[in-house]
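In structure tokens, one chain follows: the form predicted alone.
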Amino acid sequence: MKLKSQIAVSLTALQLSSFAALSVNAADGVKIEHLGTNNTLVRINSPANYLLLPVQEAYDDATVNVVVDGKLDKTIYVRLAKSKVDYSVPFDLSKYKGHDVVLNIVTSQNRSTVREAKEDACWSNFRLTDTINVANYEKYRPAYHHTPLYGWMNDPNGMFYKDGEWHLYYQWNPYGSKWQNMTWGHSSSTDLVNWQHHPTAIEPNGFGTVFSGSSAVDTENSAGFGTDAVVAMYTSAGASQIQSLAYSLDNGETFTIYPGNPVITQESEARDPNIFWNSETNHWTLILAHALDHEMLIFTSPDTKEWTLQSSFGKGLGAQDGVWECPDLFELPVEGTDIKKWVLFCNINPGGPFGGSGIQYFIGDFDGKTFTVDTDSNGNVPTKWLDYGKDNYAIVSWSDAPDNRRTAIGWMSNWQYAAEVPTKQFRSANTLPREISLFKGADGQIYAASTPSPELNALRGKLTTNVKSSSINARGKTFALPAENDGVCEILLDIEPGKANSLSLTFSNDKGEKSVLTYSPNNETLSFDRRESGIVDFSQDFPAITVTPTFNGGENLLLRIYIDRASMEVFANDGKGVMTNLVFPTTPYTSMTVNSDGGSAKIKNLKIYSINIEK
């Protein structure tokens, strides 16, 4: 995967020395004036494009008020370094050229004297530059998953397809690798594999920071912004959470904020609006997460500006822990039948099947105003999970996807430890794009499956292993994983369990680190054990075993596995059972050992592909 950039990236501590040639001494373009024990002015007198802000993650945010020509332009929050610099992040000065810029900084660390405050590492490590090194220095940055160029990322937002491009927006902190300063970052792709990074799409304003939301193409010009304008709805998060509207006339490159915001207000916490044009009812539909009330609110509008609350759904149903977030509502056919059903994604945190974040969903019918959920034979509403791993959250789908596809992508992390994973230059990646479909289980219930998007076949490089038939027993057989690009690969496996009580796949390196998949034919379950997968001690919640049903009815186990530098995505039986889990081996896994217990089994087909990474 090739990441193309139109914006700057941060520099890790490793990069600071190589960056010096591009910088000037802080004293030459930056003047520091200490006003007290926790208040400092930083005056910028330079035509440089960027000011590098030194960050130390162990400390609390400093409030940085950006004052331009004596007027407050914006406020950002940065963990300014006290004793050492972990990395630096760029602050864009280019739009302020010709103006007086002062950073009025209030730090949260208590100081007894101004002399003590002057000793903070940040004051001597502000740097100015015109260009920034975009090289990645982190071993765990994915080779072929979408990531921000730097900083913190969580929920995917506002995704739409238009004119051959997939647009992906995301919750982004441009000023550090922990949650803060929420804006909409923006990337686009023509193939769901290679991503181009664009400038920030929507920034915080007087109503607050920019939380999650959605976008859609207004083909009818119902909003009055223009035919085929991209309309976006998002949560403005200040003292309260309110819903705001924006629109784009340049295919999502820039957005104009609607002056009549907010367009929806509630008396209690509600967020993450999901919108779509309903051609059956000829109006817009919006699903809003009533987070603490564990329900979804359903609104309609003729023009995206005036909204009417029509109904609510969810109280007392499904998993009720934590908060409900990031809804998505859409209709799909049920494979092998002539019926269609509506799917309602409801991301929940905490309360996932194995702790922390998770994606539950409901199957039912929707009449344009009310969602009616299906029940089982006993009249109950079963709790259903889209992914049984710990690291797929906030999944939502692209609007206006071609060929009636329902293509979705998630945040590949978990709120239990997302801020503690062993990376610094960036934090978090997206899952691989996935196609959502519906199937009927043996119990008569309708379930959702998710499979890798077909564009991902282009990632396949060399076929490094090709086994047509091989018997497996307790001693097992070991197959080498590709050595290039840190062992990233795709694995296709068709295995006949025979008389075996269980089958295991062990991915390991020469350090004794391993991730183990274990299949139980009798229970039709597949487990993922990452307790010894590598670095696991950054959080007590990270070492875990996850388990998914496989829905294969005693037939062969079909697996499709994607391994990247810090993740494994496992798709069983055409995506009917899915687990997404992060792993942080200290050196890449080099082998996969397959063995059976309690009887012999047979590999019917095994293919291992290296990943074709565009340089």
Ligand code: FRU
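Heads up: residue numbers just count along the shown sequence, starting at 1. As the structure is a computational prediction, the values presented were derived from the model and not from experiment.
Another form exists, predicted together with the ligand; not displayed. Remarks below refer to it.
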The single option of Ser450, Ser215, Asn414, Ser212 touching the ligand in the predicted complex, heavy atom within 4.5 Å: Ser212
Looking at Cys326, Val343, Leu103, Leu526 here, can you tell me which has any non-hydrogen atom within 4.5 angstroms of the ligand in the predicted complex? Cys326
Closest heavy atom of Tyr393 to the ligand in the predicted complex, within 4.5 Å or not? yes
Is Asp272 near the ligand? Define near as a heavy atom within 4.5 Å, in the predicted complex. yes
The ligand contact at Ser88 in the predicted complex, heavy atom, 4.5 Å: no
Interface membership of Met159, the ligand in the predicted complex, 4.5 Å heavy atom rule: no
Could you tell me which of 147-155, 251-259, 124-132, 483-491 sits within 4.5 Å of the ligand in the predicted complex, going by non-hydrogen atoms? 147-155
Relative to the ligand in the predicted complex, which residues of 537-552 have a heavy atom no more than 4.5 Å away? none
